[in-house]
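Below sits a lone chain in structure tokens, taken as the form predicted alone.
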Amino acid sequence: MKENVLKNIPLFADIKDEILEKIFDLVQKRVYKRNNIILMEEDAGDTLFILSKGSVKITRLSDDGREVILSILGDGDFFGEMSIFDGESRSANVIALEDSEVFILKRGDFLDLLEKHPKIAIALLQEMAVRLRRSDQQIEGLSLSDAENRIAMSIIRLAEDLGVIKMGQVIINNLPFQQDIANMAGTSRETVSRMLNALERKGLIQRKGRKLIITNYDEFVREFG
């Protein structure tokens, strides 16, 4: 049933099937190939994007033209909500990290849903609070930690956003490229490569192609979180 597609999205997890069916009729589906630009900073914004499949990176350019990755989002995440509320232009770029599918909801339709279904508004506020807390932690980590710790903290963020936990391990099936991790951590690709090799030698991670396994997630967080 088509409402099952939305049921897997946390924003709509507590909504009844008959309501989900009406929401599904409001959304438009779009597909983006890897490296496609979904949103550009300063674009006008009147739509909410809900990521139903794939992953994207939220980026801005530094004063010297370097890409800075603010966040990486995976299945079930949403973006574009800030422009929905304040009517301002987009505050960052959004680029597909892999082939991705998104649902698009117009501003008027989304605000109407929030008014009629407070559970959606509560889920939205909870997620925005989590993102704000993570942003504060990211700023603190970038300012106080050395490059290797920043890389480890970026891996923890990726585990939270993209990972699947199983028996104490966290599996990230499509690890972003090393340059993307470097852009998250504010360091170089070479430093990321060196750090990943060191973590693997210590037995803290395993790598199989694009798959990364944190062998003991609790231990990893205790050491670097």
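Model, not experiment: these values are computed from the prediction. Just count from 1 along the sequence shown to find any residue number.
Another form, the form predicted in complex with a small molecule, is not on view; read the next lines as being about it.
- A residue is said to contact a partner when one of its heavy atoms sits within 4.5 Å of a partner heavy atom; Leu70 meets this definition for the small molecule in the predicted bound form.
- When contacts are judged by a 4.5 Å heavy atom cut-off, Val94 counts as touching the small molecule in the predicted bound form.
- Contact check for Ile104: every heavy atom lies farther than 4.5 Å from the small molecule in the predicted bound form.
- The closest heavy atom approach of Ser145 to the small molecule in the predicted bound form falls outside 4.5 Å.
- The chain is drawn here without the small molecule; in the predicted bound form, the stretch among 115-123, 145-153, 95-103, 81-89 whose residues come within 4.5 Å of it by any heavy atom is 81-89.
- Site annotation in the predicted bound form: the residue of Leu196, Ile58, Leu158, Leu51 reaching within 4.5 Å of the small molecule with a heavy atom is Ile58.
- Interface residue among Leu39, Val27, Ile171, Leu175 relative to the small molecule in the predicted bound form, by the heavy atom within 4.5 Å criterion: Leu39.
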